[in-house]
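In the form predicted alone, a lone chain appears below as structure tokens.
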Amino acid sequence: MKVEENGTAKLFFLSSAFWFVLGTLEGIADATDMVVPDLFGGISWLVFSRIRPMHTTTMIFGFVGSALLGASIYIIAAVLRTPLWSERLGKVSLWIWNISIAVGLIALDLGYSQGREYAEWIWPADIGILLAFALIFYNCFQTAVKRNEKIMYVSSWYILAGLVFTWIIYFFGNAVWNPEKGAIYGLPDGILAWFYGHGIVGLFLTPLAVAVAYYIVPRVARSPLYSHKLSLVGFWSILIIYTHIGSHHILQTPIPTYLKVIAISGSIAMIIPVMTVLVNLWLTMRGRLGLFHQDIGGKFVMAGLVWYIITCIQGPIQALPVVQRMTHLNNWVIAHSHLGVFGFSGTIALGGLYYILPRITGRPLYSTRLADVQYWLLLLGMAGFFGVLTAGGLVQGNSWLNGETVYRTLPMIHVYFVLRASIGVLFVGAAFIGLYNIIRSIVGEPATESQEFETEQAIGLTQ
């Protein structure tokens, strides 16, 4: 039986489109519940406490994670100039991944949770996710071992390291050795939980998103990467710094002072890997921005990099204790997390999907216009969402700083919740448009005219 080349990546993209729809529907249910708490009449499987963790994990692992894994599997084979070591193993890992996500979400909706941020899934789902990561890494590693390209382009560095570090932080962050509770005890559990909670964004989504950007930007710009050495500085610095800054989420707790100092100083030091990546990519695309507006995948990636700048300027600033007095434990942080997961990683993930999918199918997207509509819906939605939640968070922070109680603060921010739910409709629409466009692109009729796509060698990516 013939194995379909790039079939694994294509199915990961299709999975991402499906999870995107589900994740946005969960999100709009959450937002509506915050506006009208009695709307669902106390139906157990629609209560906020169950839908909210379903939304966050669906978006992180289902939508963004699936798209980035699909892009990574394609990219590592492309830059190493060799087919994926095993498409069959790739599809096994795909199904383990999707089944594990489904098991985790169904369990959450039934009320079974480990009760820890981004680590709510029950033990069987955790085991499945870890197994999927291990199989994907093994497949990519074997591809690297048998590569035809001598030089390891930086995207492959980020992909392989991201998979290894994610496995480690997922194992420890979910306390997999404790199946019954998925946690340890006391304050150390809070420290461990935020080592994981921050790390799943910084060591899973961020490295894979950066790998996608490093692959697509030079190709769309039709120019070699500005500096391979600079890219490796960014690679090593993010691995060294990012692993220990999660404790800046719990500065108000009695954790050891040295952990607070490390977390704050590390957060500020994150400017090194972030600016290294951004400067390298912006210099690569310098004078060629018009090409990115002509390429739908490039357009998504460029927007994601802009969100990355904003995310990583805001992050170090809000890690400062004097700033946290106003911004922490309110909607400001929700705005920031959406900016990082959705604005940065999610937008780049979609850019990778739309850039790579035609190269897998051998024909153009079903509709570039629909993809462009999705782009503007997400861009306007993310800008509105970020603005509304940031403003609402400042109202909350100022009220609490002045001694107001929660019940007096809620009426002040109700209008922001209404705006949040209204803007969420844009995300739902964008998700459905993307699902339709991707399905039609995969199962549509072959193009009547052959379409040629440039190769790595043509633009000197690995030189």
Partner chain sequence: MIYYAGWLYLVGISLIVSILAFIWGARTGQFSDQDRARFFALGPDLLSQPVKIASRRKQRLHNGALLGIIMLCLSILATALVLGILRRAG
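Numbering follows the first chain given and starts at 1. Every value quoted in this text rests on a predicted model; they were computed, and no experiment measured them.
As for the form predicted in complex with the partner chain, it is not shown, yet the points below apply to it.
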message: Just checking whether residue 138 would be counted as a contact of the partner chain in the model of the complex - the rule being heavy atoms within 4.5 angstroms.
response: no
- prompt: Given that the partner is absent here, does residue 409 sit within 4.5 Å of the partner chain in the model of the complex, heavy atoms only?
  reply: no
message: Does any part of residue 86 reach within 4.5 Å of the partner chain in the model of the complex? Heavy atoms only, please.
response: no
field: Touches the partner chain in the model of the complex: residue 172 (any heavy atom, 4.5 Å)
entry: yes
Triple contact flag 252, 369 and 425 to the partner chain in the model of the complex, non-hydrogen atom at 4.5 angstroms: no
- prompt: the partner chain isn't shown here, but in the model of the complex which of 265, 82, 178, 243 has a heavy atom within 4.5 Å of it?
  reply: 243
Selected contact from 214, 97, 158, 204, since only one has a non-hydrogen atom within 4.5 angstroms of the partner chain in the model of the complex: 214
query: For the chain seen here without its partner, which of 315-323, 268-276, 102-110, 128-136 has a heavy atom within 4.5 Å of the partner chain in the model of the complex?
result: 315-323
- request: Scan 189-226 and note down the residues that get a heavy atom within 4.5 Å of the partner chain in the model of the complex; none is a fine answer too.
  value: 191, 192, 195, 214, 215, 218, 219, 222, 223, 224, 225, 226
